[in-house]
Each structure stands twice: as C-alpha cells, then as structure tokens.
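A single chain, nothing else alongside it, follows as structure tokens in the form predicted on its own.
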Amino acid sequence: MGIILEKTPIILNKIPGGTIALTTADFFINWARKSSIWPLTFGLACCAIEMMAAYATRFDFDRFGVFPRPTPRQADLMLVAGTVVKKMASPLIRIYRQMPEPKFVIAMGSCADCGGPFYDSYSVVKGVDKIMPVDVYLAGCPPRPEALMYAVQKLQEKIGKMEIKENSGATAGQESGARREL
C-alpha cells in the first residue's frame, strides 16, 4: 500500500466502489513532530563538544530530522549539555519558558543529570530536573555522540505515544510538579 499506510494504525472498510482508510489524527501529528525535532542547543561545558560532534559529518544528526535552532521560539527540544550553575539557572528557565508547546528537555551528561563531579559545590545545581522537567537523561562524562542519537531516538518513541487532549499540553502535568525556583 505504501510506506506510511503500512505503519499506520488504520481500519480498512470496503465500500461499494473502493476502500476507506480510517485512522487518528494523533498518529500523523506525532509522526510529524518526531520526524522534525528542532533543538535549542544549550552547551555549558565539555558535553557541548560532543553535542557539536553529533552535528558533524561523521555522525550526521540531520538525517534524523534534528536541525539546531538559534532561537527558543523556533525550538521544541532543549539539549542541556554540561554543568548548570545557580547563576545560569534563571536564564535557562527564561529560555525554556520562551519555547512553544510541546517542549522537551534532554539532560546531557552527568553534570546536567545530577551535578557530576561538582556535586559538592555550593554553586552547582544538583540536576536540571530541579528547575525544569526533563524527558530523557543521558548519562556519561561526556556522553558520546552515539549516545545522544540514542537519547533522541528514545524521545522520538515518547513523542510517538503522545495523545492530543483538549485543554492540556504535552508536558503541562510534568511542568507544574517538577519546576522549582532557586
């Protein structure tokens, strides 16, 4: 039938003169969202070098439909790569709030996940999840570009399972419970 209809959850009904294919709008909306992820790259430390390597020709992140954006108003994914200090937390939150819904966050590296080797420092945020909701945690110090690609694939799987409901955002429930101001 075609590559799209083979993977689509459809119901085929035979009618006189042809066939009708029925499916949900959720499938096509999620398919478009997961096929074109536009990340706002927020490189803060050494993990940013590995993030940049993922966009280079050897790993070619563009083939996954991941194109970095320079402004938060065009991005739907924030890649937080590196150590988040308390002084940088409020600009990070401000930029996160400027992103349109649905928005997603990948915490890249052990520093973004839990503070990393600087956990005991008074100035380091003990994980990005203390200030904003995180969808995928990427471990490593620093994680390889292949690991970043795997994290994006896991995020694409999560986006593929989303449902569109009336008067509720994709991350509205997560955002209210997970965000705390410093």
Partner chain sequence: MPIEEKTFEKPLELDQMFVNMGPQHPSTHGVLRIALHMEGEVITKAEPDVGYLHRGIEKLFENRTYTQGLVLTDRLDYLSSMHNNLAYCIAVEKLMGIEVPARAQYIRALVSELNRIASHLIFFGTYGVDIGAFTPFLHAFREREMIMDLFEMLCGARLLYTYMRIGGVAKNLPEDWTAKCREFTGFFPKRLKEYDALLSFNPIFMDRTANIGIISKEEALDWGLSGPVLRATGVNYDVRKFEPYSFYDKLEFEIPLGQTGSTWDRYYCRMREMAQSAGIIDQCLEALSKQDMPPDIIAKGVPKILKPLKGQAYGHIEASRGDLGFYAVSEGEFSPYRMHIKAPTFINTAILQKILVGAKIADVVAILGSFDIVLGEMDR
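Numbering follows the first chain given and starts at 1. Small disclaimer: the values here were computed from a predicted structure and weren't measured.
Just so it is clear, the following notes concern the form predicted in complex with its partner chain, a form of the same protein that is not shown.
Of the stretches 24-32, 131-139, 150-158, 57-65, only 57-65 has residues with a heavy atom within 4.5 Å of its partner chain in the predicted complex. Contact between Trp38 and its partner chain in the predicted complex is not found at the 4.5 Å heavy atom cutoff. Proximity of Pro102 to its partner chain in the predicted complex: non-hydrogen atoms within 4.5 Å are absent; the residue sits far from the partner. Residue contact check for Glu50: one or more of its heavy atoms lie within 4.5 Å of its partner chain in the predicted complex. Residue contact with its partner chain in the predicted complex: Arg97 places no heavy atom within 4.5 Å of it.
For the partner-free chain shown, Pro117, Phe118, Tyr119, Asp120, Ser121, Tyr122, Ser123, Val124 of 102-129 come within 4.5 angstroms of its partner chain in the predicted complex, judged by any non-hydrogen atom.
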